[in-house]
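The same protein chain appears twice below, in two forms, each given on its own as structure tokens and labelled structure 1 and structure 2.
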Structure 1
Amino acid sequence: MEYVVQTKDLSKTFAGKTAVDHVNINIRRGDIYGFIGENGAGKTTFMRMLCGLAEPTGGTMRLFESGDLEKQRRRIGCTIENPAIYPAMTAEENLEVYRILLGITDKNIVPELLDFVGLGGFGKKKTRDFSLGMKQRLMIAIAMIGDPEFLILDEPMNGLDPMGIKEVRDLLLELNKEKKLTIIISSHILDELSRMATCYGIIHRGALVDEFTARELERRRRRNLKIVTDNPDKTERLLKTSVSANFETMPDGAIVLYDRLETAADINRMLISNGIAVSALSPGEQNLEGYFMDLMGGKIA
């Protein structure tokens, strides 16, 4: 398995304050790597170092299993803190600017990219009149102008409505599948990230908390049993005294049981025999946000 990114004790300090603290990250070719952390955790600083926009103060980095970073960065496309979009220009004119700046001679790349990101039919419409979702797709097109093998995307779904989020998600999945792009993407929209990511890195206060695959994540998420009754208070008392189960009561009165799940039928009979009407008894598992909040001590923001 080839690695696109390998860092060892990568660190960055600003005026004596540590922004990235001895981070070891490994991104395999073909992965969609979900990079998660609270605001100020160090995600953007780490991505800037990958792109060459910030110089590490410690540690080492390899790109495409090579230490020749300047050469290998030619194989990278990125959107860090939003690339400049000229509002008085069309999408095509914006891409033409970047094509010329990068010295790309193939003029066909611009219409091809516009069609691929779904902006091929907007003709003379100025980007100042674009929706936020359209602007995000244009920024992804800008990141792709050099035909990269690795995309670095910092919060590409930030501020989007549900339709815009879906459009960007579908585009990234298509890039990964059809163009075989490896992608690292930071996002606060954890459930959406879970629909794309094949592996995750969790960063907190500059340090990498954990790194694991999507398959491993599925094993780690807590299974549970949701119980809805007509008398939550009495249900709580019975669970404490008769079952001794680990549970919590939700604001809507539903009770989520985290152990003794194999005794669901017995619990149901016990509640009914005590005069409680059970309207729902459904298995589930901890949602992603809950898992990451637990992992990071409730620090995701």
Structure 2
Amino acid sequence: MEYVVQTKDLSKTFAGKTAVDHVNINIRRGDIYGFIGENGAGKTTFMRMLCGLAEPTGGTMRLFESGDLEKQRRRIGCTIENPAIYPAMTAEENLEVYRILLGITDKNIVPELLDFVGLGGFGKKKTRDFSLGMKQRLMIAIAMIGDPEFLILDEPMNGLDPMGIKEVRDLLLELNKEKKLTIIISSHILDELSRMATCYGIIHRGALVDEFTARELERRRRRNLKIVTDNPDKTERLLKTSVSANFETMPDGAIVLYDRLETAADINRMLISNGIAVSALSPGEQNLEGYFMDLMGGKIA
């Protein structure tokens, strides 16, 4: 199995404050690694160390199973935090800077990449006049120039409209599938992340608190039973007294039951016999966001 990133006790301290605390991460070739954490958890600092923008204060890191980080970083494309572009230049000129830098002789790569990210045909428009979404797309194009094998994307969905988010997602999935590109991506849009990632790492206060594959997440997610009735208050009372189950009431009045799921038929009968009209009784399971919130709640507590 080939690893693209291997870190061992990777740490970063700023003026006595630990931003990344002994993080051990292994990313395999072909993975889409979803990196999750609240603001200030250390995601960006970790990614900056991978890119060579910040020097680790402890631990070691290997890229493509090599310790020669400078050389291996030529095989990486990244977007970290805000879009880093030249505002007085057009999208084409921005890409041209990196085409020359990387010594790519094929000039067609620039319009091809712009078309690929949906920025073809913006001609003389300066990037300072671009929307945030357009800037994000341009950053992805910049990250992709030079045919990288590994993309490091820090919040690439920021500022994108729903259509743009879908386009970027499809683009990344295509790159992963067609070109076997390995991707580490951080995002606060966990639902979106769960549609792409093949494995996840959760970072909290600088420490990696959990790492699991998408398949493991399937197993770990809590199953539930959603009950919709014409009388949520009475339903709540009955569930408390008769079933003593763990549940919560949603803002729309639906009740989500987390245990005693095997007794769904009995619960239904009990509610009907108490004069409650049950309009829906559907099984479901926790999404990535719910799992993350549970995990964070547990850690913080």
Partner chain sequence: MNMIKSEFYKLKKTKVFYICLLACVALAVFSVILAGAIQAGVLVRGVEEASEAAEPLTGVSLLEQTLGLDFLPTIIAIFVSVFVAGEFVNGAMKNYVSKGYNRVGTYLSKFLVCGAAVMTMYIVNITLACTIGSMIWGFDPTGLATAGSIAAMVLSEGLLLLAYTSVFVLLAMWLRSNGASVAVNICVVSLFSTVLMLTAFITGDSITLANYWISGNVSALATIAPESGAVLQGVIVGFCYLIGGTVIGSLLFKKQDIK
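Here the rigid core means the biggest group of C-alpha atoms that line up within 1.5 Å when the two forms are laid on top of each other. Every value quoted in this text rests on a predicted model; they were computed, and no experiment measured them. Reference numbering: structure 1, starting with residue 1.
Note on provenance: structure 1 matches the form predicted on its own.
For Arg169, a C-alpha deviation below 2 angstroms is recorded between structure 1 and structure 2 after rigid-core alignment. When the rigid core is held fixed, the Cα atom of Thr213 travels less than 2 angstroms between structure 1 and structure 2.
Superposition of the core reveals a Cα shift of less than 2 Å for Ile142 between structure 1 and structure 2. On a core-based overlay, Thr127 has a Cα shift of 3.4 Å between structure 1 and structure 2.
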